[in-house]
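Encoded as structure tokens, the following chain is the form predicted alone, with no partner shown.
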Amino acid sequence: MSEPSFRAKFACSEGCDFRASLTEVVYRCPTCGGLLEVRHDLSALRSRAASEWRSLFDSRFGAARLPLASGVWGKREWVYPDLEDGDIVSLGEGRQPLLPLPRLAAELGLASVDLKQCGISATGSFKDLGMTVLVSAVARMRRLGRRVRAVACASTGDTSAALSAYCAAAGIPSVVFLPRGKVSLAQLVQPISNGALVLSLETDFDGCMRIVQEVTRDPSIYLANSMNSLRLEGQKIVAVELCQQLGWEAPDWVIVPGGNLGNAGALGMGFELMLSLGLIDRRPRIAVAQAEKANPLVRAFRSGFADLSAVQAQPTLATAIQIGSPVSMRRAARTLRSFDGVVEEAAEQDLSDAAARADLEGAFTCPQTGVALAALSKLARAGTIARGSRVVVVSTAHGLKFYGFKEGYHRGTLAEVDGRWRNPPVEVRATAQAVEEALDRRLG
């Protein structure tokens, strides 16, 4: 069990004096309606020196057994400090590699480009990092006697996979609301396989999100979307972990795909906590990348964040971020102001080519990561990201979850896309001579 002197509570992210226990079923401030955040006792955390925190976390990074083998629970004092081991629901999330892309860095004149591969996880996306915290909190609530019949989420695919897997591990019922026909088959199969009640609704993600918020007014149905700040506690560990992997130094830039926009705020929380405790000495700049066809934060950024209006999201290959009314837009705007951040967008052609280009260095990127990589190229070529910068791109899901996107790119069947890096299979006769001719054509 973690040291009892470390504590955390829900608090209003807009500055009200509202506080609540992490076992309370509450998602917004009852005074102002703002989203909540998990607020840690910084004075207690500062009782341990920065060098001691680094040493502790480094010693746990190689742990062989759960829960410390989890990249999230190996930093448990910064996540949910008084949670008992028996309540932790972990599938070994975190400790995800940084994949260097040296050829891309050289093309863009950058010192380094690293891909933080959050899709290398139990369900293939970064959502596992937050879901382990949320479902563990529910496990604690149920042990303490709180009536939670099920945990529910609206999803573009990845959230439903993570929720259903962690609830299956904990023996807790899960309910997922999916927009019919707007998630990949791989994403649809995951919650079905894990025993969730899958409700396929004739609407988009924003419609699903409205309905799940109505349904979870019943406190026995617990809300698992990122407006629940417990999710962000796990997701902020992406920032901590990538700095740890860089020798406890912050990169110059971090680029992250933006959908419901909880990730932008979570990254900011992680960097701010490290800065306040002395583990890093400066903030990186943050860029949020959106698809042109679902770009409310892009439009808000162009207005200086004076207008945070929703948009009607249009169909995009980046289906997981096809969100026109993100619940965490205000939080993302605050983070970008604090981190001298920017917002960039990517067209369908550009996101598809950027994903394929990264794959040529050993990645297997999803279309959302393609959006972030396309934004990287635009920002570097425009000089916003200066030459010689060190950049980390957050890859939010594994490309295997979007095999239709991959196949369509290389077969040339994606709408609005003429793939620069297409590499379709070459059909040849079953003779050595035909094979040798094919080799000569490719290799010279």
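In this text, all values refer to a predicted model and were calculated from it rather than measured experimentally. Note that residue numbering begins at 1 and tracks the sequence as displayed.
Here the subject shifts to the form predicted in complex with a small molecule, a form of this protein not shown in this document.
S.K.: Of Met274, Leu336, Ile237, Leu261, which one comes within 4.5 Å of the small molecule in the predicted complex, counting heavy atoms only?
M.R.: Comparing distances to the small molecule in the predicted complex, the residue within 4.5 Å is Leu261.
S.K.: Go through Val133, Ala346, Ala161, Ala320 and name the one with a heavy atom inside 4.5 Å of the small molecule in the predicted complex.
M.R.: None of the other options qualify; the answer is Ala320.
S.K.: When the small molecule is placed as it is in the predicted complex, are Thr123, Ala165 and Pro191 each within 4.5 Å of it, taking any non-hydrogen atom of the residue?
M.R.: Verified in the predicted complex; spot residues all out of contact, no.
S.K.: Counting only heavy atoms and a 4.5 Å cutoff, which of 42 to 50, 395 to 403, 410 to 418, 58 to 66 contacts the small molecule in the predicted complex?
M.R.: Selected range: 395 to 403.
S.K.: Applying a 4.5 Å heavy atom distance criterion, does Thr156 contact the small molecule in the predicted complex?
M.R.: So Thr156 counts as contacting the small molecule.
S.K.: Under a 4.5 Å heavy atom criterion, is Gly370 part of the interface with the small molecule in the predicted complex?
M.R.: It does not: once the small molecule is placed as it appears in the predicted complex, Gly370 has no heavy atom within 4.5 Å of it.
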